[in-house]
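Single chain ahead, written as structure tokens, the form predicted on its own.
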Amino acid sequence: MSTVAGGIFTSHVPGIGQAIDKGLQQDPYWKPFFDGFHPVHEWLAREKPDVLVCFYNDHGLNFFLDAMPTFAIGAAEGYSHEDEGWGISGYKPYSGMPELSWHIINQVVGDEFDPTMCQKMLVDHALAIPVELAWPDAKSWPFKLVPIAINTVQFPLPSPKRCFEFGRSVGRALESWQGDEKIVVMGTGGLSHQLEGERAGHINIEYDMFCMDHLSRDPEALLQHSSLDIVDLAGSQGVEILNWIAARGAMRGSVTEYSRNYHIPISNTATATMLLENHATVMA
């Protein structure tokens, strides 16, 4: 049987990709953020997951405002990253695992979710940068990828509760998968930030700490706010915490915090990295 070993939660600011390209990991401005990945690297080297299930939000590369699914699940043989205009390109292609993707799709549809099923799918910086951060020295990616995009852009947005229950459904699919793969989930985005308008540069440390403090031991505390509440608290792009909430929902065992890092600002954004371990599964 497959196992969900843990979850990685991190920011996906495009500027991080530019810093990687320029080799700025030890630069005083960037070092506090990149240092937060040392425990992640050690854990991944020990656990060696076979599959990555990544919850992220598309920024107009694969979906745009004229066609924005609430949930979209990749079911392709492979995925590629394209530059959206940030000057970030050249990331290695990703191998898919369509048989697992369809297993997940069948589970979530059976649980009365209605995902868009993507047999062709591009992935943007919201997936590519976190993967590069987690496996910086990989000659080729050592995992099969299942990308899951959540709408955090076009209103109406899904609620935190809906995203958590969607993640729970994905988690049930991962637990019932008959392979013997070790799986890691990933949630990307945030934390608090706003890129436009009068509140450009908005950072809410108190809300960020609330999310990080409750993510492992009491994730349902994050469901008390509506999506619009989160926009008010964390900024219009801070609502990307929905990706974290869904990924945490997919971890259905006994979850403990392995490491965390919080650093501000990176390109006027509150950046964070957390690693949670999933010690045992539950059946329900």
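The first residue of the shown sequence is 1; numbering continues from there. The model shown is predicted, which means the values in this text are computed figures rather than measured ones.
Omitted here: the form predicted in complex with ligand DHB. The next part is about that form.
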query: 4.5 angstroms heavy atom contact with ligand DHB in the predicted bound form for residue 25; finding: no
query: In the predicted bound form, residue 195 touching ligand DHB (heavy atom, 4.5 Å); finding: yes
query: Distance check, residue 252 to ligand DHB in the predicted bound form, heavy atom within 4.5 Å; finding: no
query: Heavy atom of residue 59 within 4.5 Å of ligand DHB in the predicted bound form; finding: yes
query: All of 12, 240 and 269 with a heavy atom within 4.5 Å of ligand DHB in the predicted bound form; finding: yes
query: Ligand DHB in the predicted bound form: contacting segment from 171 to 179, 131 to 139, 201 to 209, 187 to 195, heavy atom within 4.5 Å; finding: 187 to 195
query: Heavy atom contacts to ligand DHB in the predicted bound form at 4.5 Å, residues of 123 to 144 in sequence order; finding: 125
